[in-house]
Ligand SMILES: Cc1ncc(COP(=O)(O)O)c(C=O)c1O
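Single chain ahead, written as structure tokens, the form predicted alone.
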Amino acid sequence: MNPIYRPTWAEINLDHLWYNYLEAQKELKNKTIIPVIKANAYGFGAIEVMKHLYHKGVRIAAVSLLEEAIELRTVFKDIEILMLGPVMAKDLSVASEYKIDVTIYDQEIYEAIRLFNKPIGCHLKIDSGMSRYGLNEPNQIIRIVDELSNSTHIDLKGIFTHFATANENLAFYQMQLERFKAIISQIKKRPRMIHISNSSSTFKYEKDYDFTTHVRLGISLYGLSLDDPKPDLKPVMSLKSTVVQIKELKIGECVGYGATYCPKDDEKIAILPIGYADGFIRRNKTGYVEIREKKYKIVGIICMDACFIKIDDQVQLGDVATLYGGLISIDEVAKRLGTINYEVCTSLSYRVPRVVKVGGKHD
């Protein structure tokens, strides 16, 4: 781990991560979890997350980008890596070199893969109704699978789809499910991996399916969910900073850009070295932080590298402030910002060091 100089960090509890993995596994009987660690493991730190999973025996992962896949491959030589996002035809040689399984998502990339003259692994994605990546014409899909089953250099490892409404709108979910089942029922030689469930579908529906072999566990691996009620998960990340200065404002004095906060009485203001360049965006100005197990209000405009907290005499220089992950959850922050928990954690900047916690201790 690189040395940490700034008193702001994200604590990643890998014991909780593994707990969440096992909670999902309870729903699956003998099926295999594919951990989704795209977008730097949703902001939690891809390499450290995968190291912990690898130590526990996990030998497969999914990412979105070729760059993400290569980053994993340089550290983990013997895992299966599925690239869920689009691959350009010109980059197939790179995917082959690094033994990265790519996704067939349209006719053009299929033709490029078919004409590619080196060994390559792939999964075929069916667009069952989300209208994002994937093929949706049944005869075309069946023909491609049949052709690939006879290939000597293309290893079609899996077929999958992705649900748009697994956490809501059961009717649309069922429509997608039935479309997918109708197509694969016509495939004579199925590949060894059939995966359809994301986090919500894994916990709510996957136990009822006898035709799937794997699930893709994304946000719930990290202790988050869009479901209500939520599965029994433990939070993995807490975002923390430190009180580096305390100001005693007098009546008539103001704080921050625009001088938007000018208290009517004498007040104490704590300064935290975290701001919007770290992913703690300006709209958080209506929120709170936790110090000494008590909530304190954010005031003024959040700067690029700092924010201001209205405090009392209990707060001292050097106190740790938890911005989320304690009394304040990521879900609470997401609701305040009018977004989802995914966006809160994936927006956390590279400038914020991730500090791993295992066995109750920082690693």
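Residue indices: 1-based, along the sequence shown. Keep in mind that what you see is a predicted model, and the values were worked out from it rather than measured.
We do not show the form predicted together with the named molecule, though everything after this point is about it.
Contact check for V333: every heavy atom lies farther than 4.5 Å from the named molecule in the predicted complex. Heavy atoms of A46 never reach within 4.5 Å of the named molecule in the predicted complex, leaving it off the interface.
The shortest heavy atom separation between H162 and the named molecule in the predicted complex is within 4.5 Å. Within this chain, L177 is remote from the site of the named molecule in the predicted complex, having no heavy atom within 4.5 Å. For the candidate set G218, G129, G223, G279, a heavy atom within 4.5 Å of the named molecule in the predicted complex is found for exactly one residue, namely G218.
L84 is the sole member of I141, I291, I81, L84 with a non-hydrogen atom within 4.5 Å of the named molecule in the predicted complex. Across the proposed site, K125, N198 and Y342 without exception bring a heavy atom within 4.5 Å of the named molecule in the predicted complex. Shown alone, this chain has one stretch from 34-42, 292-300, 307-315, 320-328 that lies within 4.5 Å of the named molecule in the predicted complex by heavy atoms: 34-42. Contacts of stretch 315-339 with the named molecule in the predicted complex, defined by any heavy atom lying within 4.5 Å, are made by none of its residues.
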